[in-house]
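A single chain comes next, written as C-alpha cells; it is the form predicted on its own.
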C-alpha cells in the first residue's frame, strides 16, 4: 500500500494547458475517484501518476518520496485500461504470467501469484482460453488479474467499465468494491460516469477544464455542491439550476427570474443587484404542501417520463423548465396546470460561481 501526493501538477500540450495546478493527497489504502466530463484532464492526470506522461510542472510523491524521474515499470503501480490491453495470441494464464515472466520472477512465485489472483477473481475456467473466447466482463477480470499478480502499491483504473453494458457495469462495480476490501490497496479510479463515482469512491474528486472543483464524499458533494457545475453534474436528473438575480427589500433577500420571486433563507443580500443561480434537487420538489416553510411555484406539465420505480415530471414555470422526481401514480397529464412545493431549507444558492450556505451573508 502507498500514500500518494500530487503537488502543483501542471500539463501543457503546446500552448494548451490541460492541467492547471493540481494538488491532491490520497491516503494509504484509500479508494479515490477522479470524476469529470471528457476533456477535463482526469486521464492525463492518471497517466502522469503512472509515468506514461510527464508533467510540465509539479511533483508526484509516493510515501513522501518524489518519483518524477522513476520509469513507469519501476513505480510499483498497476494500471487497468479501458481497452483491456490483453495479448490476443496468449491464453489467460499466459496473459496473467507475462509481466512477471518479463521481470524474471521465479516460476514458483509466478504460479503462486496466478493462483491467488484466479481464486480472488473466480476465473479458474478461463485459464486456457484466448481473449477472443471471453466476454467483456471476463476480459476485464483478466485485465484486473494481470494487475493483481504484480502486487503493486497502487492500482490505477482508466475508465475500465465504459465498454461494458449497463447490467455488467453494475456487476463489475460490486466486484471492484469487494476487490478493494480484500486487498486494501490504494486505488485511483478515473470515470465520467457519476454512478460509478458515487457507488465506488470513498472520496470523489470533481474536475473540469484541468481544475479540481471539489473533493469530498459522495454525500458531501451531492448535498453541498461548491459550484453550479458540480451541482448540475452530480445527480440524475441533475439539479434544476435557475439563472436570475438576487435583490433585497427591507432586509429580506429575494431571488428573481422572470416573473418568479423566491424568498431566500440567508441573513442579508449583496448591496446591489447581483446575478445568481438557484439550485433545486428534483427529489426535493413535492406535489403537496408540507409543514416546513416552503415556496410554491405554479406552472404547466410539459411532459412525463415514467421509469417504473421513479417518475420524472417536467414543468414549465415562468419560462423556466423544472424537473421533479416523484413516485409513479401521480395522475397528471401534459398541459395540466400544477403547483409544486419546495422546502426553503432545500434551496441551493450560488453567487459568483460559489455556494452560499443557508443563513450565511453573501
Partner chain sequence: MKKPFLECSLLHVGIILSVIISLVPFFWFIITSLKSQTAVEAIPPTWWPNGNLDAYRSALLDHQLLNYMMNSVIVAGSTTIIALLLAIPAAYALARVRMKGKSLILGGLLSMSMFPQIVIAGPVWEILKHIGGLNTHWGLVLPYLTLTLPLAIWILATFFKELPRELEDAARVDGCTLWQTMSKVMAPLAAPGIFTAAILTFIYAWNEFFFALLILTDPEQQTLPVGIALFQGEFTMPWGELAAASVLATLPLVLVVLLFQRGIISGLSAGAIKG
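The term rigid core refers to the most C-alpha atoms you can superpose between the two forms while keeping them within 1.5 Å. Residue numbers count along the first chain shown, from 1. All of these numbers come straight from a predicted model, not from anything done at the bench.
Same protein, other form: the form predicted together with its partner chain, not shown, and the subject of what follows.
Comparing 167-175, 77-85, 224-232, 251-259 against its partner chain in the predicted complex, the single stretch with non-hydrogen atoms within 4.5 angstroms of it is 77-85.
When you look in the predicted complex, the only residue of 238, 184, 270, 72 with a non-hydrogen atom within 4.5 Å of its partner chain is 72.
Contact annotation: of the candidates 103, 151, 115, 209, the single residue with a non-hydrogen atom within 4.5 angstroms of its partner chain in the predicted complex is 103. Within this chain, residue 132 lines the site of its partner chain in the predicted complex, having a heavy atom no more than 4.5 Å away. Interface residue remark: residue 52 is counted as part of the site for its partner chain in the predicted complex, having a heavy atom within 4.5 Å. A residue is said to contact a partner when one of its heavy atoms sits within 4.5 Å of a partner heavy atom; residue 163 meets this definition for its partner chain in the predicted complex. Interface residue remark: residue 180 is not counted as part of the site for its partner chain in the predicted complex, having no heavy atom within 4.5 Å.
Each of 47, 89 and 139 comes within 4.5 Å of its partner chain in the predicted complex, counting any heavy atom. Residue 183: CA moves less than 2 Å between this form and the one not shown after rigid-core fitting. Core-superposed comparison between this form and the one not shown: CA of residue 90 displaced by 2 Å or more.
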